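One chain is shown next in structure tokens, namely the form predicted on its own.
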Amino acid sequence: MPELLILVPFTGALLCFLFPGHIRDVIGLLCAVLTFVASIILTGNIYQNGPIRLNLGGWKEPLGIGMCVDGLSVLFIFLTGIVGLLVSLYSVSFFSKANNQSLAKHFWPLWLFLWGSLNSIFFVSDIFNAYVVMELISISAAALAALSGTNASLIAALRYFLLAMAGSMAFLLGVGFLYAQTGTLDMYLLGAVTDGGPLMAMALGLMTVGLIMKTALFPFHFWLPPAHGEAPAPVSAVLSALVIKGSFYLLLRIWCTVFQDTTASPQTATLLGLLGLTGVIWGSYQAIIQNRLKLIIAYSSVGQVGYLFLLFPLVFITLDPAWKIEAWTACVFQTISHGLAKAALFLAAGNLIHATGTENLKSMRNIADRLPMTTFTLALAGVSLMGLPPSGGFVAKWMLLQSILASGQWWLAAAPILGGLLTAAYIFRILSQAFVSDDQISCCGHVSFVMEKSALLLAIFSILIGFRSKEVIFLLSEQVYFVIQGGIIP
């Protein structure tokens, strides 16, 4: 089953490149449905039977390419499946418009190639192959970011590509140090043989810097707003909800599987937490002062990414294993919740821009009267980002605040408290314009049923996940295939 989640999107990408017109749309949708169904089946299998490890071609590590599938893997696969399916449905209608038809022939192969690469990185257990897959993700994501073909999008995509390549080079250099010291590349074998020497510390530092550049952690976030803001709506949704999650996932694997407590220092963990806290405040503030809708949502991603890095001081400094698990679960829950809500926001923004012909907030007055479903989608996704009950964002931030208070690191509490208030400020700023009565503002385009419903379903899922926290917590605490510094994860 894991192999299908990689082969189906890659095969679909090749077929979409070969076949023209509506056949391409059919192939893309069929691959999206098959990949989503496979992700559901695999998630159920891991939930029932626990983690599994595979060796491709029958070659065992360290010679073969290993794959690990556990609770963490399938949660990211499940997120990618839901977002991928609904973005694919949205894209059929979005790119069918007269001015977008020429983009579809490039979108489908690149998108399916990116989807297959993301699934690959969630399974990989070999750090060199992780580097290879990261390169595939960066190339396809940069090409998608430039899809609209405007000067602004080309510049933003090139900036993203160059920074992604720099991050990859730093990661690869760290891989070289690890191999020179240990003679192996398998993450789980590395976890058993790594020590706390200076070469290992250098490897950890290089790999961490490379990955936080790709994840857009402050101050390496400067590429994200223009890249996400200038791309077409479905591409922006994918870049924000999924692509930056791929590098964050790999960072979790590196810290918690390869190095654990042998090399990762409390000082480094504290620094990552401080950068995360700064990112929450800075990104949210920048979102408040923007006047373009997609830039507001893009800067919001910078702030929301900051929450994820609070995991490191909470897990690698906290002494109580139970609260380590609480913090671990909270940050991964935040990842899933943010992915669903942010994809919904970008798709809803695409609807508004199509309807009004602009993304200037003042031109969207009274849009609630003309597009009530899209306005409702914005509100639902905003509820999750703000962390209001009963959304997934509320569950994540509540667990995060509990673990912060239990760890005694009070300074981290500024992130969920101030971040939530700042998030409310820019969400209400968007919604306030939508409800301002202005008869002279009129819609200039029809938004299809599929485009509105795809965005709405993602927003609903970001709320509903808050009701299914028990299953997510079980996968993250019982079905994960590594140990967190004396924690209880088997």
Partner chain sequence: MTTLLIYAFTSIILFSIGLFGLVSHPNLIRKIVSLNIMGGGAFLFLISLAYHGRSPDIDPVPQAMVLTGIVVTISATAFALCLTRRIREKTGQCLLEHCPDKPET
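Because the structure is predicted, anything quoted here is derived from the model rather than measured. Numbering follows the first chain given and starts at 1.
Only in words, not in the display: the form predicted together with the partner chain, which the text now covers.
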Query raised in the report: From the list 142, 187, 302, 250, which entry has a heavy atom within 4.5 Å of the partner chain in the predicted complex?
Result: 142
Query - The single option of 172, 368, 406, 274 touching the partner chain in the predicted complex, heavy atom within 4.5 Å - result: 172
Report summary line: Answer among 375-383, 71-79, 338-346, 179-187 for heavy atoms within 4.5 Å of the partner chain in the predicted complex: the stretch 179-187
Query - Whether 146, 159 and 162 all lie within 4.5 angstroms of the partner chain in the predicted complex by heavy atom - result: yes
**Report entry** Proximity of residue 151 to the partner chain in the predicted complex, heavy atoms at 4.5 Å
**Finding:** yes
Query raised in the report: Heavy atoms within 4.5 Å of the partner chain in the predicted complex: does residue 192 have any?
Result: no
Requested in this report: Using a 4.5 Å heavy atom cut-off, state whether residue 132 contacts the partner chain in the predicted complex.
Outcome: yes
**Report entry** Contact test in the predicted complex: residue 155 vs the partner chain, heavy atoms, 4.5 Å
**Finding:** yes
